[in-house]
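Here we start with a single chain on its own, the form predicted alone, put down as structure tokens.
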Amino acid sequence: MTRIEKTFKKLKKENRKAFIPYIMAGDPNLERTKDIVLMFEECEADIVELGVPFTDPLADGPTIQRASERALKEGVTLRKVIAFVRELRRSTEIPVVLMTYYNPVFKYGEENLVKDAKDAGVDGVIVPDLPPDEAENFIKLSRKADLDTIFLLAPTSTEDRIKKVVKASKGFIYYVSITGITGAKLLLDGSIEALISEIKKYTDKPIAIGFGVSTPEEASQVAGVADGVIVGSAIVRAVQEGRETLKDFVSKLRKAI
């Protein structure tokens, strides 16, 4: 059982929901990223989603795109992020999920990435532009290494897509709450509840909701529907505003969830 699976199992037993904050590795630098991850743990976050900077982050809105650009200017790469996690493991055991795109994975090599990520202490990987239909080898390598593969579902997902993603996902399923990019406005009109109920017909794996969650109030509402809440763009904006602002915001999100 991976750290992610253990975390969700423990939370379920305690009737609690997972808080999963996202930050871009290397924004503004890796030393600051380490401070932020440790602060997340101090604020009782359950899992950290760590973005890998990329030149063409197609699923991300302007806030995370700009964070990616800043990290790239710092010379941060997928290889450096994996080395960063290895160093981070000296200070914390909080589960870490890498969020990257397939181009860096392809260049790194799937087998090398899975091996190096697992050896460094990475717990799971999200590759939004790698659909399960094309991920057979990546899934096979990850299963062998006990590295969780987290795939995405959306409001537009068909029954066939739900079944594929449920089968391919390990750790948790990432539900994209909107048909748009990160940072777009969340619509809490009852449709999310209906779609999560539909997914739960096919699996008992945890479902975490991300994209569009930007306030403690929204996080609280989403926590009432899902097993976990992912907050990204709003936290990335708070990183720019300074440590105390960020810590206060993260604490409020944790309390709401």
Partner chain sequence: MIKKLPDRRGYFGQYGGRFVPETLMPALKELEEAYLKSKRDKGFQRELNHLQKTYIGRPTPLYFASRFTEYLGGAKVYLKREDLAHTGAHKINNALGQSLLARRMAKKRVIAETGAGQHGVATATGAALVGLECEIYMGTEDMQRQALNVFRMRLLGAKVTEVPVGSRTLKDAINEALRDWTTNVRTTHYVLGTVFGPHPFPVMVRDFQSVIGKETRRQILNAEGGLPDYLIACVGGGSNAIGLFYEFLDEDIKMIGVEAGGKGIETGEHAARFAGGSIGVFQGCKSYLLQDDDGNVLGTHSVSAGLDYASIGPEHPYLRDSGRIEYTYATDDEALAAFELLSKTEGITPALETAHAIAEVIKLAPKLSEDKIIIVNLSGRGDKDVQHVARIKGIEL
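Model, not experiment: these values are computed from the prediction. Residue numbers count along the first chain shown, from 1.
Unshown form predicted in complex with the partner chain; subsequent notes refer to it.
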Among 60, 27, 46, 49, just one has a heavy atom within 4.5 Å of the partner chain in the predicted bound form, namely 60
Can you pick the one in 69, 217, 198, 41 that has a heavy atom within 4.5 Å of the partner chain in the predicted bound form? 69
With the partner left out of view, is residue 149 within 4.5 angstroms of the partner chain in the predicted bound form by any non-hydrogen atom? no
Are any of the heavy atoms in residue 142 no more than 4.5 Å from a heavy atom of the partner chain in the predicted bound form? no
Considering non-hydrogen atoms and a 4.5 Å limit, does the partner chain approach residue 117 in the predicted bound form? no
If we define contact as a non-hydrogen atom of the residue within 4.5 angstroms of the partner, is residue 103 a contact of the partner chain in the predicted bound form? yes
Even though the chain is shown alone, can you say which residues of 117 to 148 have a heavy atom within 4.5 Å of the partner chain in the predicted bound form? 128, 129, 130, 131, 132, 133, 134
